[in-house]
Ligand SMILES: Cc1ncc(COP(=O)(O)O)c(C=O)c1O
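Before any questions on how it binds or moves, here is one chain, the form predicted on its own, in structure tokens.
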């Protein structure tokens, strides 16, 4: 008997790297073993990894809390009130929405668990969830774990990965329940323009759907591009669940603090299930998160560092024969089309073996991700340390270009 046959079909085909190699860098022990052997990881969306990144204001708040001894105790399962208040202020400042910290916000132990929790109340067996492709791998897997069916909707590189509502219309069925997006998009860094977002939201309202909007990368938008919060558009507040994080914008991934905000009719359900599904978020991390959210100078400092870093990456990779890319529009990533050099696995494997750096293959990000690689260009605190790794990656890509006769 195979014991996995006792599992339901949603889970039994998951693989954690114990018996076969898994392409995702955050599954199993592969990345950890690679790092222990002296390799560098530029495949985790963790700004400044592996270097320290806690601002002094946050250290001071946490040290004071430890001295008082309070962090040994639970906070509320829905999140510490002081943290929800700080989050409500932050959300209101960016959206203009009247956010009540005791009715519209819930804290989650990271945005990954928050993303799954956001979807749980809505999906039943056989429901369909539309997911832009390419997109965050969890966006394709999470609906399946909840018994639903993921319906990829292509975003095309030649259209700067903007939403084509005709592609959504073509895939609409009587089973469609939800649209799930990453905005800005992970891995492409694309910010969906107002025209795209308004068209998508009209589609959602017209067909009485739910939107889950993963906005983990929303804090740093470049080149003056407008960021449109879908929850603010007509008819969307009551049908949108927004998932956010302090990991990417503030460089505090290890704190494991995410949050959802939504209409109170939705939030009442999330509050009701919090203790059963989420548990309480880390008390010490919550105290640190309050200090981080209120340190506006630190957020600006991170923005300037990441803006500089994305330009470094662009200048390093943009002129490699056989490689095409755009300068990142948001966040901490760069997305490279390397299809002229080989498959995304071949290229990622060469970078791993020759440059001793892990980057992400594009295939886990969807069918439209094939032939691409994702590099977390925000890794390492110092620009010169990051540049040294960029140069090693460039050397491998140039070597592959020469082998293909492209230079």
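Note that the structure is a prediction, hence the values are computed from the model and not measured. Residue numbers count along the first chain shown, from 1.
What follows is about the form predicted together with the named molecule, which we do not show.
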* To do: Identify which of 117, 136, 168, 161 has a heavy atom within 4.5 Å of the named molecule in the model of the complex; exactly one of them does.
  => 136
* Ok, 189, 247, 218, 75: which has a heavy atom sitting within 4.5 Å of the named molecule in the model of the complex? -> 247
* Asked: Using a 4.5 Å heavy atom cut-off, are 45, 110 and 214 all in contact with the named molecule in the model of the complex?
  -> yes
* **Segment assignment from 99 to 107, 75 to 83, 293 to 301, 180 to 188: heavy atom within 4.5 Å of the named molecule in the model of the complex** => 180 to 188
* Can you check whether residue 256 is within 4.5 Å of the named molecule in the model of the complex, heavy atom basis? -> yes
